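As a starting point, one isolated chain is supplied in C-alpha cells, in the form predicted on its own.
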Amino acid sequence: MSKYGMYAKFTAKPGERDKLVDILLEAAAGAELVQECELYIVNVSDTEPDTVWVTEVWSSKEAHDASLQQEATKASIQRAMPLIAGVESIQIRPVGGKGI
C-alpha cells in the first residue's frame, strides 16, 4: 500500500495566524500517538503573514481519512474554522527521502 501525503495551505483571517498555529500544533502533538501518522509539520511563512502550511505523511489514505473521524480531530477543526479565511490542499504520494 502506498503512503499518502498532503500539503495544506491555510490562510488565516487577519491577526489570527498564531491562534491557528496553536490549534495545529495541538493536532501535531496528538498525532504523536497515532502510529499511522508518520509526519505532521506545521510551518509559517515569513513572507505571507496570514499563511500556515501543514505537511503530512500517513501510512495510507485510509489512515488519514480515519483520523478525520476521531472526536479530537473534529473538535480541533471546529475550533479552527472561525480563524480560517481559506484552505488549499495538494495530495501527494511520498516515494522516499530522509525521514520517510
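The numbering used is simple: start at 1 and walk along the sequence shown. Note that the structure is predicted; figures quoted are calculated from it, not measured.
There is another form of this protein, the form predicted together with another copy of the chain, and it is not shown here; the text below is about that form.
- Contact annotation for L25: at least one heavy atom lies within 4.5 Å of another copy of the chain in the predicted complex.
- At least one heavy atom of I92 is located within 4.5 Å of another copy of the chain in the predicted complex.
- Another copy of the chain is not shown here, but in the predicted complex it comes within 4.5 Å of a heavy atom of N43.
- Taking the partner from the other structure, another copy of the chain in the predicted complex has no heavy atom within 4.5 Å of any heavy atom of E71.
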